[in-house]
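Shown here is one chain on its own, the form predicted on its own, set out as structure tokens.
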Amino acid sequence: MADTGVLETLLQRVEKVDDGVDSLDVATSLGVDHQVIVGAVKSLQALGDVISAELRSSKHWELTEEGTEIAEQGSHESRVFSCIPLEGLAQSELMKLPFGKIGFSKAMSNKWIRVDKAHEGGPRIFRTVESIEDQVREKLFLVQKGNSTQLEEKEKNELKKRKLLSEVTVKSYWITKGNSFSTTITKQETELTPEMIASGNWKEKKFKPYNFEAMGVAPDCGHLHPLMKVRTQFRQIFLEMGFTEMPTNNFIESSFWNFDSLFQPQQHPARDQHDTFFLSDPAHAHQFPQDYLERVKKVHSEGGYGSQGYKYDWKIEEAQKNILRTHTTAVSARMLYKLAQQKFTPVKYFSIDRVFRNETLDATHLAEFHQIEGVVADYGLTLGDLMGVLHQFFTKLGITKLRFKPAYNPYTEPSMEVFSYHEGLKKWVEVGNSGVFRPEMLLPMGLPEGVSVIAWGLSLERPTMIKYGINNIRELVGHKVNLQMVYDSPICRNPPTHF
């Protein structure tokens, strides 16, 4: 609450006049900051209908720091004129002065000076008039004395353009008597105590009315990281579309399931040290379905199922190497093999979990990130089915403008990159990859010949960055995470917001 002395003084001022007082005038007459009077007005308003205060706005002109300097010392052009002696001054000397460059330009415009470029010592400046009238300084004097009304708007705007004047908006209160006006301040009670009830003096007290519109204090609670919120949203979309979540808790995977089972050749560049994290302990896996492994070896080295394979010497030593999985498609391969060992029924699987790539860290790449994957297995699925499912999937995300571009993946044919039109960037951006799994991958597993499997994948980080306006992926994880952003970010709710 404001100082009682200021409150009483303000009430006395209001009592003396019938039409009211201006808070700015009161502050000036009392020699206090205007905010002190504003605080007093707020305090009196909180007491009830003691005063009535109407907020008013007014504009006036003030000198800038440079304008004040000119009002004291003269304009740049007049100072230039004053420093030029009758015999003239070298232009190079003038330009060394702090006001030289601007003053020279303005003095030339006013035709107060001239430049003799043919002078043997270099360009030299001479006066062209005997005396000058510094109108800029005179106009600034008028404003400084509160007589800005004597200047035309054009003159004020010209001075504003030169950054010598600024137009300031001042807000003040026009204060008048309220229906319950009194010059004495009665403190209002804010709570009813047991002592008041016991003594009965609560009947004589004046209580401050409750503000039922006031916001309550936000309860302390945990806050989900943006990645986890968007992950929950994606998971909900998959579940709405009838998908079953795959178990993805094995971050360590053998090269066999991560690469070989997907018909990815052992000499593929993605398998070398530049893209993959290899484990040193345990360095190798030893338990594989032996008959399946033999079929994978044959389709790689000799071909089969209508394919000529890659025609190379497939080595079990390469397949045994343990790695940090580079994609969750390794999980899909395990699930499809498991499906092939029982009577086939159409399935829809999805997974969202971490994968690892030996990437150089930058604003858009991490060595550890999340992959979202959807897989549908059924008889007779085509590229048209894949496009239709993708349209449904991305529409639920709020992404309706899609384009598909042919691409190459070792384990899908045909393959498509998915692009969406980004309204903020005003361009098409890649949002995912997709395709139909190759027969060379599916048939060795033991799946029936007529079964097709369509699949697609995208990262979790990119849509999260788009949704939360993050430009650097490193701000999502590690020591650069803005905890206030985590605290302030809204919870994902259905229907999903647009990315």
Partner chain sequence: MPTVGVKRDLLFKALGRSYTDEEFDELCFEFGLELDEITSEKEIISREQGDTKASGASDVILYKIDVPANRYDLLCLEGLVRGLQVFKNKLEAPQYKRVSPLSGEPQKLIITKETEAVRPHAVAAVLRNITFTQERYDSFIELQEKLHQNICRKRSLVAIGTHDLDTISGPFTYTAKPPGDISFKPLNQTKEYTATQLMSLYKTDSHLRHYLHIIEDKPVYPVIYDSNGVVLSMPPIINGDHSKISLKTKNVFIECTATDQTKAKTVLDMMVTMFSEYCAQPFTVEEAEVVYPDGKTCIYPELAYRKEKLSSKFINQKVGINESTEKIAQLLTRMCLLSQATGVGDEIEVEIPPTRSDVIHACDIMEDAAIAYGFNNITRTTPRTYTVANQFPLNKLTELLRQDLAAAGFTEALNFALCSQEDIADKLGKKISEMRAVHISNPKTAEFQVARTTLLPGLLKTIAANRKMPLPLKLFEISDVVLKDETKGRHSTYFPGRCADIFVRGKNVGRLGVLHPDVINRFELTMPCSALEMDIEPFL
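Model, not experiment: these values are computed from the prediction. Positions refer to the first chain, counted from 1.
From this point on, the text means the form predicted in complex with the partner chain, which you will not see here.
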> Would Met108 count as touching the partner chain in the model of the complex under a 4.5 Å heavy atom rule?
Replying inline: no
> Does the 4.5 Å heavy atom contact test between Thr184 and the partner chain in the model of the complex come out positive?
Replying inline: no
> Taking heavy atoms only, is Ile372 within 4.5 angstroms of the partner chain in the model of the complex?
Replying inline: no
>> Residue-level question: is Gly74 within 4.5 Å of the partner chain in the model of the complex, judged on heavy atoms?
In response: no
> Of Phe394, Tyr305, Phe288, Trp314, which one comes within 4.5 Å of the partner chain in the model of the complex, counting heavy atoms only?
Replying inline: Tyr305
> Using a 4.5 Å cut on heavy atoms, which of Gln341, Asn201, Asn358, Thr128 is close to the partner chain in the model of the complex?
Replying inline: Asn358
> Is it true that His223, Gly242 and Ser280 each have at least one non-hydrogen atom within 4.5 Å of the partner chain in the model of the complex?
Replying inline: yes
> Hey, of 245-253, 210-218, 131-139, 155-163, which bit sits against the partner chain in the model of the complex at 4.5 Å between non-hydrogen atoms?
Replying inline: 245-253
> Heavy atom within 4.5 Å of the partner chain in the model of the complex: which residues of 326-345 qualify?
Replying inline: none
